[in-house]
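What follows is one chain in structure tokens, specifically the form predicted on its own.
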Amino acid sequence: MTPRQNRNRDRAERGIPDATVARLPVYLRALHGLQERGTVTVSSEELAAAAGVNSAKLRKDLSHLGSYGTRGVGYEVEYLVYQISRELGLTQDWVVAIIGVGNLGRALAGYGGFASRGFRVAGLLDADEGIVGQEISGMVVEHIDRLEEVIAERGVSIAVLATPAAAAQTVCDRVVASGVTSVLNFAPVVLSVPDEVDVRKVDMSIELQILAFHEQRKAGGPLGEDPPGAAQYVETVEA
């Protein structure tokens, strides 16, 4: 059993909800900000405000880690950073391969936050002969034909897919067949994977649409009213 599978099993045995796991990186980011400002201890109210959640939810989340804080003092920032980092598996090195080195892939390759959070990008791969061989952020882009070799030789644990939608499933199938069970998908497509494979999807267009919805509401947009031309459109469709 791999270290990640062991952690997942332990987490399940301790009953840590997925929603709590999803909030732990947010708490960790807030704690890193406090560390940078030299903060030694923080109350649940202060940390909750920095993370954008209510304090009762934060206390419940942290209780799953066995961290209850000290009444009148709060949480020790450095120790809480360690606890959350350990729970998320960030106390060890995770090897990442980025597949698809277009504009997004290049931006991801140059993102300095990976290394500081325990993620080491060890491979950049693309199918475009015009991109293969280029040096980006200190790494040479390799041909997608070497995907399986790169995964095996460098011990890749996480694959980041920044490919066009049409190629994403095929690339994902190859990644999974090579033994990778964690995929971060930026391609605008839903991937089909076995149950043991974890996929996190990042779709910026969907996030923008959600923001547009909220902007419309904040602007006092009409609710329940048909937009201009709607009646004509319905008549055309029904005809």
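Here, rigid core means the biggest group of C-alpha atoms that superpose within 1.5 Å across both forms. Please read all numbers here as calculations on a predicted model, not as lab measurements. The numbering used is simple: start at 1 and walk along the sequence shown.
This next part talks about the form predicted in complex with the DNA, which is not shown.
Novice: Can you say which of 69 to 77, 96 to 104, 156 to 164, 136 to 144 gets within 4.5 Å of the DNA in the predicted bound form, counting heavy atoms only?
Specialist: Only one stretch qualifies here: 69 to 77.
Novice: Using heavy atoms and a 4.5 Å limit, would one call residue 44 a contact residue for the DNA in the predicted bound form?
Specialist: Contact check for residue 44: yes, within 4.5 Å of the DNA in the predicted bound form.
Novice: Would you please decide whether residue 215 lies within 4.5 angstroms of the DNA in the predicted bound form, comparing each non-hydrogen atom pair?
Specialist: The answer is no: residue 215 has no heavy atom within 4.5 Å of the DNA.
Novice: Might residue 56 be said to contact the DNA in the predicted bound form, defining contact as any heavy atom within 4.5 Å?
Specialist: Heavy-atom contact with the DNA at 4.5 Å: present for residue 56.
Novice: Counting only non-hydrogen atoms and a 4.5 angstroms cut-off, does residue 219 reach the DNA in the predicted bound form?
Specialist: Answer no; every heavy atom of residue 219 is more than 4.5 Å from the DNA in the predicted bound form.
Novice: Have a look at 32, 201, 174, 60 for me and say which one sits with a heavy atom within 4.5 Å of the DNA in the predicted bound form.
Specialist: When the DNA is considered in the predicted bound form, the option within 4.5 Å is 60.
Novice: Once you overlay the rigid core, does the Cα of residue 214 travel 2 Å or further between the shown form and the other one?
Specialist: Yes, the C-alpha moves 2 Å or more.
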